[in-house]
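First comes one chain, alone, set out as structure tokens in the form predicted alone.
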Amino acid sequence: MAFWTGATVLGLTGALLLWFIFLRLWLLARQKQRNRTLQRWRPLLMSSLYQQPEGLPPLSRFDLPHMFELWNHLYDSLDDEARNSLSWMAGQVHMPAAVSRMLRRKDFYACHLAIRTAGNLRLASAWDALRELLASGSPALSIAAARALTQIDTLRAMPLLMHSLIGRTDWHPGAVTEIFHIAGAGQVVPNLLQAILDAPVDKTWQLIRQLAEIAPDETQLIVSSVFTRPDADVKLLNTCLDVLNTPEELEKVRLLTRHDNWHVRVHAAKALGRLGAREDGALLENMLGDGQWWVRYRAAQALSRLPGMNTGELLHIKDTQTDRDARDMLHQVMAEQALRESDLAAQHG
């Protein structure tokens, strides 16, 4: 048993070593292929920006991923006129056909690269494949497909994008906002407002955050209506308090500082810190005695940010507090404020 155990371990070690050697050689070969592709195609792509090159070499399947990577990098860094030249050259070397083939591959890197290229080429023939990828289980592939569809045909893409946006929770908000900027507010806002009306309550707050990024004025109308609902969802209330940017709704915010849910009280205190008036000081002082630590903390921060509030007044408020928790919280926030001011002075000094 000892002999066979040792032989097995030795065999597995040898197999693992051979695998590492193979992987290393494969990576070296891939890097050499990449370098050859860049050396061959970078000058041609650069010259195509000024004149149409003649006698272009064939684009082999080994060149494809590296060529797509280089082409997209140049495309994203150029203006519209130069992009037209790159698109012309892409057609000359049959990149659209290669993109359509690569969209069907299971390899993540190749598929993602093909999606990006299809979007930049405005490749209408890739629409059906991209629509399928929109439902992909991979968040990266699905959001890339949404971006590409928007680039190809914004009007057709918007309903698809809104439907996916309601159903998914794994898309990064920044990536969604980028797609909205590509589409333009004129196309996005009407569709997004309709999606907010159609979406389930537990999805509405995410859509409102997205709307606030591109159309803050339209968002405030929705915020105002949410504040008037007696049974509004907690996440929805918190979101509306976060995106609120007008003091016209302050009276409703003040009412929400007494909400039964402490999360809502936290967000209401933060909103008062951004938009509150000096007369909100007494309300925030009362919140310093809240039973939840986070409510007291946000109330103390909001109090320190009210118009005209200074260190001397905060010290006076702290000294007049009979609640120890309230005094400790004001002391902590003032210490944090002093530390930030010290860091800023050191940076500018």
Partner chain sequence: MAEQILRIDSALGHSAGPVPADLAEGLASDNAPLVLQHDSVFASLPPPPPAPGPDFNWGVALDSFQGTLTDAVPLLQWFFLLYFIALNGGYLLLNLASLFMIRTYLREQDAASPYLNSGKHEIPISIIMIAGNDVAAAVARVHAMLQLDYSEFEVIIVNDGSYEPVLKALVREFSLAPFPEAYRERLPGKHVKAVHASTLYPGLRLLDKESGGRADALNVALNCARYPLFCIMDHDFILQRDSLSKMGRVFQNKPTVVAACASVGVANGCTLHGGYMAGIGLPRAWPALFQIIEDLRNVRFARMFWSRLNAMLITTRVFGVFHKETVIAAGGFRTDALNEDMELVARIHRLLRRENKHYHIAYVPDALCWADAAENWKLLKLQCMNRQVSLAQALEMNRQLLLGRGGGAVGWLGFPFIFLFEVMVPWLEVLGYLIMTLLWLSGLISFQALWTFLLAVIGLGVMHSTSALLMDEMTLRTNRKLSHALKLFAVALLENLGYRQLTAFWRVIGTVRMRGQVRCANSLSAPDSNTRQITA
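Residue numbers count along the first chain shown, from 1. Because the structure is a prediction, the values reported are computed rather than measured.
Separately, the form predicted together with its partner chain exists; it is not shown, and the next lines address it.
Residue contact with its partner chain in the predicted complex: I143 places a heavy atom within 4.5 Å of it. A residue is said to contact a partner when one of its heavy atoms sits within 4.5 Å of a partner heavy atom; Y297 meets this definition for its partner chain in the predicted complex. Using a 4.5 angstroms threshold between heavy atoms, A175 counts as touching its partner chain in the predicted complex. Using a 4.5 angstroms limit between non-hydrogen atoms, D198 is distant from its partner chain in the predicted complex.
Residues with any non-hydrogen atom within 4.5 angstroms of its partner chain in the predicted complex fall in just one of 218-226, 143-151, 240-248, 117-125: 143-151. Only one of N84, S100, S138, Q194 lies close to its partner chain in the predicted complex, with a heavy atom inside 4.5 Å, and it is S138.
Contacts between 90-113 and its partner chain, taken as any heavy atom within 4.5 Å in the predicted complex, involve F108, Y109, H112.
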